[in-house]
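Have a look below at one chain only, the form predicted on its own, in structure tokens format.
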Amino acid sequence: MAEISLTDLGGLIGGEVAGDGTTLIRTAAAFDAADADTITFADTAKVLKRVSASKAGAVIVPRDFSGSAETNLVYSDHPRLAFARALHFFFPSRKPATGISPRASIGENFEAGQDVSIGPLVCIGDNVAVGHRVVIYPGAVIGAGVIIGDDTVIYPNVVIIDGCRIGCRSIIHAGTVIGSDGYGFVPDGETHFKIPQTGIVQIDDDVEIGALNTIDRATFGRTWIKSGVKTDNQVHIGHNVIIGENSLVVAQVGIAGSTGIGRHVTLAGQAGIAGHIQIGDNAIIGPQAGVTRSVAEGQVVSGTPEMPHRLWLKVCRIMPRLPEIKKRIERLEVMANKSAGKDAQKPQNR
């Protein structure tokens, strides 16, 4: 079990300790589960009100926290981030032993860096190169000509098809397929003729791809996931899509081909993005939104078809009232028709 003084832990996570810095911290836990050897955090008004009653060894709080507390505090500009760093210290990721399993299938001209770990039933094609400390878990398939950068982790049953490029320090979760054919067909009478998909997928450094993603290779050139992008599970990214640095793509998002996503964009769960459009930097696409046209930098949109988020909130408030509004309009129409009929029956002045 890891053990560290609160003073040392505060320095590690970038916080300022107030209290007994010699307190030994052995783990990190949620606020309600924390006890005397545990560090936790509070960053919402609801939880901050309860800090004084906490039994934790230390609580990470915002720097502007002014409440009284009998427990030790660690002041931080970003309590949740500081807590995440503490979690990394107490729960470091476990890597399998280094070496290549004799049950792995390795193609010709394989190049491997130092301290790689390749599990059983991994299948690696010809002319593959992997960097230092790469981990490839059992059952993964790495196609011919693939290049994988240093410190990248490939989880079980991932498939990376021929020619794709994976950067350094990236994580690809179980069951993901990278480099499957893009969805390209041209009508041929009553049938559909397949367009060859000749490009690759390029994934840059510090990218995390969730489980069961499908990222299509480009028709020409590359489908490009730039550095720092994080995708959730069950995401589909079409051919020739480009996703800018540090963007977030949440579960069940679908992005059609040849769309450009800017930097620091958030695509919320189940959003659908049409092809051949552009989403500007820092834009936010709401959950289940259907985006059919380009979205400007910094814009927040929701709904189907997409509209400014504030307008969508107004629409949502109106929708449950539509049956009532319809009845009222019908009554007004009846009243208007009756009034018009009476006016028609009145004698005209001459």
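Keep in mind the model is a prediction, meaning the values are calculated, not measured. Position 1 is the first residue in the sequence shown; the rest follow in order.
Only in words, not in the display: the form predicted in complex with another copy of the chain, which the text now covers.
J.: Work out which of Ile118, Val253, Cys164, Leu73 lies within 4.5 Å of another copy of the chain in the model of the complex, going by heavy atoms.
T.: None of the others qualify; the residue that does is Val253.
J.: Would Gln270 show up as a contact with another copy of the chain in the model of the complex if we use heavy atoms at 4.5 Å?
T.: Answer yes; at least one heavy atom of Gln270 falls within 4.5 Å of another copy of the chain in the model of the complex.
J.: Consider Thr22 of the chain shown here, and say whether it contacts another copy of the chain in the model of the complex, taking contact as heavy atoms within 4.5 Å.
T.: Contact with another copy of the chain, no.
J.: Indicate whether Thr223 is a 4.5 Å heavy atom neighbour of another copy of the chain in the model of the complex.
T.: So Thr223 does not count as contacting another copy of the chain.
J.: Test of understanding: in the model of the complex, would Tyr155 fall inside 4.5 Å of another copy of the chain by heavy atoms?
T.: So Tyr155 counts as contacting another copy of the chain.
J.: Go through 199-216 residue by residue and record those having a heavy atom within 4.5 Å of another copy of the chain in the model of the complex; state none if no residue qualifies.
T.: Glu208, Ala211, Leu212, Asn213, Thr214, Asp216 sit within 4.5 Å of the partner.
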